Structure formats: structure tokens, C-alpha cells
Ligand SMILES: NC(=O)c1ccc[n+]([C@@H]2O[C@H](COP(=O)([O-])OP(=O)(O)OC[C@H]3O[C@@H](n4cnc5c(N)ncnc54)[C@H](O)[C@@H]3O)[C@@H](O)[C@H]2O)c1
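Quick heads-up: it's one chain on its own, the form predicted alone, in C-alpha cells.
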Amino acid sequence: MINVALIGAGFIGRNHFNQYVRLAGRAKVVAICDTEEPRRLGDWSGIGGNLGDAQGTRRDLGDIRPVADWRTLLDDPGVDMVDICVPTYLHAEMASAFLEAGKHVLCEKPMALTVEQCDEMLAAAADAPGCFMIAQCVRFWPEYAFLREVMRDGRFGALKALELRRQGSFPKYSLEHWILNPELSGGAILDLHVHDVDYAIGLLGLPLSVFARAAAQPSGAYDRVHALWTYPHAAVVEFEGFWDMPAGYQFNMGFTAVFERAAMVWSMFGDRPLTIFREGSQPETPAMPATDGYYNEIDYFLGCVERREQPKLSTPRESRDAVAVALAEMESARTGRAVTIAV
């Protein structure tokens, strides 16, 4: 049994907690740490979100220990692993400290706000005995995993075009609206769109260059980005990410992938499941696993901890590179020029 301390009981922490309940035979949440007393005691009724368990409730946490200060868990022998679900600007300090304390660390995306902070985390992990992974749930979402499988086995021929999209309304649900402060979250490019950045890196590797156009709030935070990536194989790779739609717009994520002999389309917001189109054939809708990316990523990381092996399906180095490429898109949007990727 892996004893887990959940650090941060907001929207994403609540969704992670739900997965540990489902994985109770392998992991047990023994402590919940949050600076807000109601949250660490299980009152999640005022916490909203955009996906999964989108609106919280009051939960009976039983014998789970409430903790106000995360530092008290560093030397706690009853904690094997921490799951860090706090705002982005806190990731580097917390993850590095827990790694140095010998804990296994699962940390929410994005890895950090700067490449320098990411490198600090990588340095801490290099000498640490525990497993370390950034929770890039899109890599583990069934439809995206299926697209990765299709790419790897080449069943439809070479990729001609890929479009990745992540779309939502203005996120007003974060504590004290930290997510809307670009100095704390990085804005929509680093908080929302980085999911697709990371997935594309895992699928296709690093691009040669990126070109982006973005729309900004008066604060300077980008809340919409449209980007094109350049690769040696000349496939068209484009992205759309935004959270600037009015309230009531249903969150959506998805992709369109066009190959030599088929095309695949999926959007979460819609009635049609992932669909494969081929000339001369009826559209196909392959069955997808019932579990989502939150469950799958935690299940995978627990397996790494159990086997005492570092994650390979989503590596911290790739998560670091995703931050670097997202920041390059910001530079491109700011300057109006393509930015060469050299990470």
C-alpha cells in the first residue's frame, strides 16, 4: 500500500482524490494539505472546474489527516508519495523539497513557470530515490492514447496534418483567481494550451520552430493562442487554445488527424465519439476504455512506484520541454516572428 499526501484540495486535487478512492487497493490518501481549512476538512462544495468532477461537494474524509503546512510532511515516515495539486508558481519549491526528502512525487502540470525552475526540479530528481512525474493527463486520455497507437504502428500511413484544440470559457473558479494572474499561472498558453504542447512533443518530438498569434487581456495574460509548428517531415501541425468564451460555453478538447489513408476526428464537446473516416468505407467508432486521463495517469504512476522505476510514458524532461516550447509561442506572439526551438 502506497501512503499518499494530497497537497492542494482545489479543483484538480479533488479530481485526483476521486481516483485514489477508485484505486484503494493500491494507494491510500493519509493526509490532505491545504492552506484553506474548509478544503482540508473536505468541504469542496464551493470549488468549481471545467472537466471531470466539475463541481465539488462536501466529503467525509474519515481518518485522513488535515494539514495546513506542507513542510510538516517532508520528514513524515507515514507518507510515501505526494500528489502536488497547487498553483503553478509553487510547483518548483514543493516538488524539489519532497524529492530531496526521498518522497515519490506526482506534480500537476505545467511543470513550472520558467525553464530555469524546471531545471531545478530535474536536478533535484536526478539525485533523489523516488519516482517523479508531471501529471500530463492528456497523454493518458483514451482517445489521445489511441491516436498515439495509430501513429506508432503506421496503420494509416504517414501523417499529413494534425490539429489539436483545447477550448473553454473564462476560468473564474480558482482560489482568489490566481489562474487569471499571468505571474502565477502563465495564462492560457502555459496553463491550458500546454496540455496540447506536451502531447505533440510526445507524439512528434520537438518542432524546428513555432509561430503563434495570441489575444491578451489588459493584464497582459494571453487567453487565446493559435499556433503553427514546423517539422522536417512537413506535416501541417496546428493548435487552437482559448479560455475567452462567455460563461456557459462547454469545455472542449479534441483533435483532427489526417493520414495518407484515413482521417480521425474527436471532440469531447459533441455527440460523436472518436471516428475514423476512410474512402469507400463507413465511418468507424472504435471502443474506448471507460477510464479517463486522471485515473490512467495516477494508475500508471502508482505502477512506477510499485516497480521502483522512473516513468517513461511521460518524462519530466519532456514536461520541461513543453514549458520551453509554450514560452517560445509566447515570444512569437509578442514579436510577430517565428521562434526557433533550441531547448
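When you see a residue number, it is the position in the sequence shown, counting from 1. The structure displayed is predicted, hence computed values, not measured ones.
The following text describes the form predicted together with the named molecule, which does not appear among the structures shown.
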Tell me the stretch among 105-113, 151-159, 230-238, 215-223 that has any heavy atom within 4.5 angstroms of the named molecule in the predicted complex. 105-113
Interface membership of residue 174, the named molecule in the predicted complex, 4.5 Å heavy atom rule: yes
Applying a 4.5 Å heavy atom distance criterion, does residue 27 contact the named molecule in the predicted complex? no
Although the named molecule is absent from this view, report whether residue 257 comes within 4.5 Å of it in the predicted complex, heavy atoms only. no
Contact of residue 202 with the named molecule in the predicted complex (heavy atom, 4.5 Å): no
Is the named molecule in the predicted complex near all of 208, 210 and 321, within 4.5 Å of a heavy atom of each? no
Quick one: from 264, 79, 137, 99, grab the residue that has a heavy atom within 4.5 Å of the named molecule in the predicted complex. 137
Of 291, 281, 310, 35, the only residue with a heavy atom within 4.5 Å of the named molecule in the predicted complex is 35
